[in-house]
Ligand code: HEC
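Shown below, as structure tokens, is a lone chain in the form predicted alone; questions about how it binds or moves come after it.
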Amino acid sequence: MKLTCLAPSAAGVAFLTATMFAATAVAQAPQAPMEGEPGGPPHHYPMPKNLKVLPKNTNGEQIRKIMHGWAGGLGVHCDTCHQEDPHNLGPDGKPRLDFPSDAKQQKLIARRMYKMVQGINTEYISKLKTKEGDPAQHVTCGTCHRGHLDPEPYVIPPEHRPGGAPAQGN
């Protein structure tokens, strides 16, 4: 038996090599940006309805940024405060969220917390100055929540409790 008939031809090797390079290039090609992402087609955010604590002239894109900041600070998603609307289905067949609705208690709590944070920043933090004379940083949802819906209780470290051991190195 001759081994030459089993050896691949030069054309076959070239074809396989070209196919592998093409497949690799396609697999590594960057995905097209999604709608609303940088470099993607612009997304239209409708004007919000039922604004009670945010300024009435806040547009849809600004609301989206604010809400994403709050969600990040609390470690939650939109459905924590916004109820599903079973009569408004998305393309995936799942109910969309009814953003104007006040049906969820968590949304009402979020409004009160927003007012509290604004009050702290306006009445107290804005009046503080750092050593360099710059205004102090403002507080956000994440200042207390740190990515948790229910903030973890603060426990004074033993070395800072009255009668506790002094911190090392002091």
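Here the structure is a predicted model, which means the values were calculated and not measured. Note that residue numbering follows the sequence shown and begins at 1.
From this point on, the text means the form predicted together with this ligand, which you will not see here.
- Although the partner is absent here, Thr130 lies well away from this ligand in the predicted complex, with no heavy atom inside 4.5 Å.
- In the predicted complex, this ligand sits within 4.5 Å of a heavy atom of Asn50.
- Among residues of the shown chain, Ala136 is not one whose heavy atoms approach this ligand to within 4.5 Å in the predicted complex.
- Looking at Ala71, you'd find a heavy atom of it within 4.5 angstroms of this ligand in the predicted complex.
- In sequence order, Val53, Leu54, Ile63, Arg64, Met67, His68, Trp70 are the residues of 53 to 70 having a heavy atom within 4.5 Å of this ligand in the predicted complex; the partner itself is omitted from this view.
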